[in-house]
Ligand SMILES: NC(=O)c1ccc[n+]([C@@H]2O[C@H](COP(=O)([O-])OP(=O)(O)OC[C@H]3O[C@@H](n4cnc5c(N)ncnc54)[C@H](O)[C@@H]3O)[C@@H](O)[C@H]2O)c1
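Just one chain follows, in the form predicted on its own, and it is written as C-alpha cells.
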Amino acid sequence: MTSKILTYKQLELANALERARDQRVFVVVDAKVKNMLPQWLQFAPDVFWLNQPEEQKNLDVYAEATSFFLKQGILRGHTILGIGGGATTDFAGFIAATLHRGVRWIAVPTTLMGMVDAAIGGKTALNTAAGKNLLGAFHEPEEVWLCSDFLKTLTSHDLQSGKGEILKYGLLNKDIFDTIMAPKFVMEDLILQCARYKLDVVSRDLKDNGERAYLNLGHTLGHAFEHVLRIPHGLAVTMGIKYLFKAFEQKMGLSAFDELFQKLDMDDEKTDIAHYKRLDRPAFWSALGHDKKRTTEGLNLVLLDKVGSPRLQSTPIPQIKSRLEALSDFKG
C-alpha cells in the first residue's frame, strides 16, 4: 500500500475531520495545536493528548495510550489519527501498527518537518534509554493530510528544523534543488514536492533495502549531534550533512549545501560546533556506535558526488572518527 497525500486549507481540514468523526476515529494529538482544531475534537472522549511528544514517545506512555484506546473500545476496523509533529505521528503510527496487529491510520502533520518527512513513509517508532527510534515498525498511513495553515503556529526554531530536511531533499533530487534555487518559490508547493518525492522513493523501497537508504543523508552524524547537543532533529541533520561532507572532502556537495543553505535562509551560526559550549566527544562517539543502521563492517554513509547522485559507502567507525578528528571543529 502507498499512502495518499491530500492537501487542505484549515476549513477544509475541519470538514475532513468532521467526516472522520462520523466514522468514529481514535486520535493522538499534540496539545500545542489544540486551538487549531475543531471544538468537538478538543473535547472528544477518544483523544489521547501529548504535552511533550518527543519525551513521551516511549514504552511507558505507549502502554498508557494503548490501554486507553482499548478501554475506549477500539477495534481492528477503526482508524487512528495522528495530529502533530514527527514525534506525534511516529507514536500514533506505532500504536496503529501494534494494536490488533495493525489498524488503519491517517497522519496529519502540523510541523514543517512532519509535512516533508517524518509523517511520510511508514516508519513508526518509540525511543528507548539506549537510543532514538530503536523500537519501531513499518506501517504506512493510509492517507497524509497536509495543511499548510499549521505553519502559522510554528516558531522560527521549528521552521529552521524543517528546512534541514528540505535541504537534504534538495541535495538528493535535482528537481527539488532547482525549485529552491529559482528566483522565488512557494513554500506550500515545495512541501508537496518533497512529500511526493519521499513517497515515490518509499513506494519502491519501503523497508530500506535499496534507494530509501539515501534518505538517511546526514542522519548518521545528525542523530549523534541530536543526542549529545539536545538540538532539534532537522538542525542536527543539517550539521550531520555539513560535517560529513567536510570530513570526506565532498567539495561539490559542500558547494551545493552552501547554495541551498543561503537560499533557504538558514541560521549559519547554529550549525557550527563552536556555537555550543562543549561537544561531549566520548558521548558523541558512543552515540555514533549505537546507530541503528550499524553493520558488522561499520556504518553505511550517504555521500554525494553531485546533486541528485547519492551513493552509499560502508565505512568502519574508526575511519569516520579519524576523519572527523582531523577537522578543526572536532579538536580541543
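Just so it is clear, the structure is predicted and the values come from calculations on it, not from any experiment. We number the residues from 1 along the sequence you see.
Here the subject shifts to the form predicted together with the named molecule, a form of this protein not shown in this document.
Of the heavy atoms in residue 194, none are within 4.5 Å of the named molecule in the predicted complex. Among heavy atoms of residue 233, some come within 4.5 Å of the named molecule in the predicted complex. Under a 4.5 angstroms non-hydrogen atom cutoff, the named molecule in the predicted complex has residue 153 among its neighbouring residues. Though the partner is left out of this view, residue 54 does reach within 4.5 Å of the named molecule in the predicted complex, counting heavy atoms only. Of the residues 242, 139, 132, 78, just one reaches the named molecule in the predicted complex with a heavy atom at 4.5 Å or closer; this is 132. Contact with the named molecule in the predicted complex, judged by any heavy atom within 4.5 Å, is made by just one of 221, 217, 171, 113: 113. Here the marked residues 227, 246 and 291 all miss the named molecule in the predicted complex; none has a heavy atom within 4.5 angstroms. Residues within 4.5 angstroms of the named molecule in the predicted complex, judged by any non-hydrogen atom, belong to 27 to 35 and to none of the other stretches in 27 to 35, 266 to 274, 41 to 49, 297 to 305. The partner is not shown here, but in the predicted complex the stretch 82 to 112 reaches within 4.5 angstroms of the named molecule through a heavy atom at 85, 86, 87, 88, 90, 110, 111.
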